[in-house]
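One chain follows as structure tokens, the form predicted alone.
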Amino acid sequence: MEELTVIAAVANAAGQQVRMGCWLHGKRSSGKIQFLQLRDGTGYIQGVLVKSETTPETWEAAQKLTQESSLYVTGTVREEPRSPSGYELTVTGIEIIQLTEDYPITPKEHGVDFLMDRRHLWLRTPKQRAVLIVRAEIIRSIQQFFDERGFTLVDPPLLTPSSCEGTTNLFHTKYFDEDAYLTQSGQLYMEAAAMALGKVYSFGPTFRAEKSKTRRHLIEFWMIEPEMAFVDHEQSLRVQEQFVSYVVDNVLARCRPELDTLGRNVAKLEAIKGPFPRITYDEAIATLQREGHEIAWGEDFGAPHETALAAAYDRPLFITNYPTAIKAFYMKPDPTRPEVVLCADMIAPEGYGEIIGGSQRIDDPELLAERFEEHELSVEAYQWYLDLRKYGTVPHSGFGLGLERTVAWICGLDHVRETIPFPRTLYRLYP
């Protein structure tokens, strides 16, 4: 088959004749001129046919084309300052692959359920394509950030024998004759990897069987979980600031057309520079109470609380030192105040909620054993985790970033269901 030119590369073919494989996104006609909006996955370009300058067969083929019909198109690339890409295609030949009939997603408004049932087709629209391009850049930037800083990518298991945080929100399955669960987090395994490799990160799917229908939750989502040996809580916070700033900078540099398609206010993203503001849990409670929220010390924050606290800032906010009782068993208590832990949640601006949770981990074997007893955790299932404190324990810290919430925030989306190609929500397992 003849080598095809992709739309993203037309700048290298100005003045030349090219052949492309495309789908018809839309078309319009002004009598003796037809304008074809063509897409190939890498971008969009307008194809122009002038009736007096093309063959009757090519003109007729263009007239037959329907939305999402597939075709090979031949033409000459020419500069066009009015085009978003700066180029147009003067069409000289069309080879129809398939004419589409009754394509279900039209330019009119459709309901969310209608579109989600046709998610496999909805992905073709400019906005959804832009989201997936930004998601891919975020993933690329995440891996580049850690790879450049000496972290090693390690893959934890998706099937686990138990959970140290209870099995209420875990998906149960059978592992031959044993019970097993889909992972909620790879963190404990990353702690083991950090003891072997120093600085590590995992990047993979996680599963929460939460019966939640909020705009921030998915049943299946992707997590990035770095873990660092010989790193304390304060050092971890600095890594988190650098990490999020780096990702946002790369999206701004490489995805400006996609952000424009999404209508994103890029000025708000340009403000994302470290250091990020910090408040303690105590200060957060006092602020919320002053503003009329009914919340007492010792209670966890809900979405309205996080939104209210973040509203005062134009960049992500760290809330530090939560009460020990409401955080995970493995978080290290503050040596000067053991009723709180050395932890922080990073709250995104603009009402997007928590995107990172992290802490320094308990490194004292006796204290960790006490925590297992207090939380009635299975020593048998996680003896290996206790071993990490028995054989060469060191101070270490880590955090987890939820990819989909981060994509939603950077893209300015109303709901996380648009941040992943095929979302899994409380009532959706199709397509």
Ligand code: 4AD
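For clarity, every value in this text was computed on a predicted model and none was experimentally measured. All residue numbers are counted from 1 along the displayed sequence.
The protein also exists as the form predicted in complex with this ligand; that form is not presented, and the subsequent description refers to it.
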Candidate stretches 30 to 38, 374 to 382, 57 to 65, 402 to 410, one within 4.5 Å of this ligand in the model of the complex by heavy atom: 402 to 410
Would you mind picking the one in 357, 349, 333, 156 that has a heavy atom within 4.5 Å of this ligand in the model of the complex? 357
In this chain shown alone, the residue from 233, 264, 119, 217 with a heavy atom within 4.5 Å of this ligand in the model of the complex is 217
Check all three, 187, 223 and 361, heavy atom within 4.5 Å of this ligand in the model of the complex: yes
Even though the partner isn't displayed, in the model of the complex is residue 208 close enough to this ligand, meaning a heavy atom within 4.5 Å? yes
When the contact criterion is heavy atoms within 4.5 Å, does residue 47 count as touching this ligand in the model of the complex? no
Which residues, if any, of 106 to 126 lie within 4.5 Å of this ligand in the model of the complex when only heavy atoms count? none
